[in-house]
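A single chain, nothing else alongside it, follows as structure tokens in the form predicted alone.
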Amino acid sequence: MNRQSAKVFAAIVVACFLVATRASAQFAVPAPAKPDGATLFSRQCGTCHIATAEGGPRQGPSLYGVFGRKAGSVAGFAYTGAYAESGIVWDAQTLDTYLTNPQAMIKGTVMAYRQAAPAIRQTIIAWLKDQH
């Protein structure tokens, strides 16, 4: 490549960079929508739980009406003994602690789900509160 060709090539590269930079600034891709509580519940909890008044339990008890309910008290669901003995009454704080690490809160639970992200826990908990 001769000197003139190199200069033309360099100018083209710089021009392409500038156009691409301006184009990306003008046409920024919007951030993906944050999932709502119903979507998060469905994706993260819905395999094992339901949140409706109708329907029996799945691998876990129904979470319909969970706020104010004593742990281990859904009729027809076979809990480990630790739930009934825990004395826990579900509210936003107890659910938040539980979802962070169920095994630390209730020894012997078979609940495998853990959610480290506070924003996700809060979105799910708020949605559950609205369901009854």
Ligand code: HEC
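Quantities reported herein were computed from a predicted structural model and do not represent experimental measurements. We number the residues from 1 along the sequence you see.
Although it is not shown, the form predicted in complex with the named molecule is what the next lines describe.
What is the one choice in 39, 100, 52, 80 with a heavy atom within 4.5 Å of the named molecule in the predicted complex?
Residue within 4.5 Å of the partner: 80.
Residue 109 versus the named molecule, in the predicted complex: is there a non-hydrogen atom within 4.5 Å?
Within the cut-off, so yes.
Do residue 48 and the named molecule share at least one heavy atom pair within 4.5 Å in the predicted complex?
The answer is yes: residue 48 has a heavy atom within 4.5 Å of the named molecule.
Flag residue 105 as yes or no: does it have a non-hydrogen atom within 4.5 angstroms of any non-hydrogen atom of the named molecule in the predicted complex?
Residue 105: no contact with the named molecule in the predicted complex.
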